[in-house]
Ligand code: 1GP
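Only one chain is shown below, in structure tokens, and it's the form predicted on its own.
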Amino acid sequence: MKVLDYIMEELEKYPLHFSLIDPDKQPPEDAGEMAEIAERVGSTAIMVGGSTVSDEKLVDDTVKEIKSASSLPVILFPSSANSLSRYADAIFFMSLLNSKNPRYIIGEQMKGAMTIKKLGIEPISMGYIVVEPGMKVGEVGEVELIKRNDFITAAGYALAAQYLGMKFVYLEAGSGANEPVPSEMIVFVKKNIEIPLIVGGGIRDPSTAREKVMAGADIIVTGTALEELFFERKLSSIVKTIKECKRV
């Protein structure tokens, strides 16, 4: 089964949680252990990537360790065409829609497209939208950050992604953000699109995760929570809360 089909099937049951592992932040062996725990507590997929990852061998080694430790699909979340891996199951083929640099809107995608085709990695198209504070991804991606009260612009980018045929929209506050994407923005964006909405950045506890799902997030991504001490208990609580959410 294709990874996209698997995700869409799982979304029919309940909102989902994806675990994000940055290869730069731990040895590959530790990444494998993190993935094993993520699967045990109920994550649906493992995303591999980060804002500054450019060592292809490190990405390869990290993905291989994750694949050996977990049966969850591994989806690349690349910062550039230099952070691909033949061992991944799929790749979020994403455009950083509100970047001021064409490199991050379509340039890196052009560079990596033929490699992805050659390696047979499943591409899953996604519109990537960065909201204040943006953190490292906002800096590296040369992003014109969407202000936290600018719901119209956020929804405009999201709807444009849908009209361009993208499968997902990702609203991102940035890894380690002190504030997640505002719930009011999530509500507004979700009302204006028909494709699944992913939300990440600054979500570190079950109550925040629940708030974002109830606002309209279909998938919650956490990364920083995996890097903290005693993360298994915290991650388990977050995932359990997400799957128990009943949205109206």
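All residue numbers are counted from 1 along the displayed sequence. Computed from a prediction, not measured in an experiment: that's the story for all the values here.
Below, we refer to the form predicted together with this ligand, which is not included among the displayed structures.
Listed residues Gly127, Gly174, Gly112, Pro73 were compared with this ligand in the model of the complex; Gly174 is the one with a heavy atom within 4.5 Å.
Partner contacts here mean any heavy atom within 4.5 Å of this ligand in the model of the complex, and among 54-62, 195-203, 37-45, 211-219 they occur only in 195-203.
In the model of the complex, this ligand lies within 4.5 Å of some heavy atom of Leu20. In the model of the complex, at least one heavy atom of Gly223 sits within 4.5 Å of this ligand. With a 4.5 Å cutoff on heavy atoms, Tyr170 counts as touching this ligand in the model of the complex. At least one heavy atom of Phe77 is located within 4.5 Å of this ligand in the model of the complex. Residues in 80-110 all lack a heavy atom within 4.5 Å of this ligand in the model of the complex.
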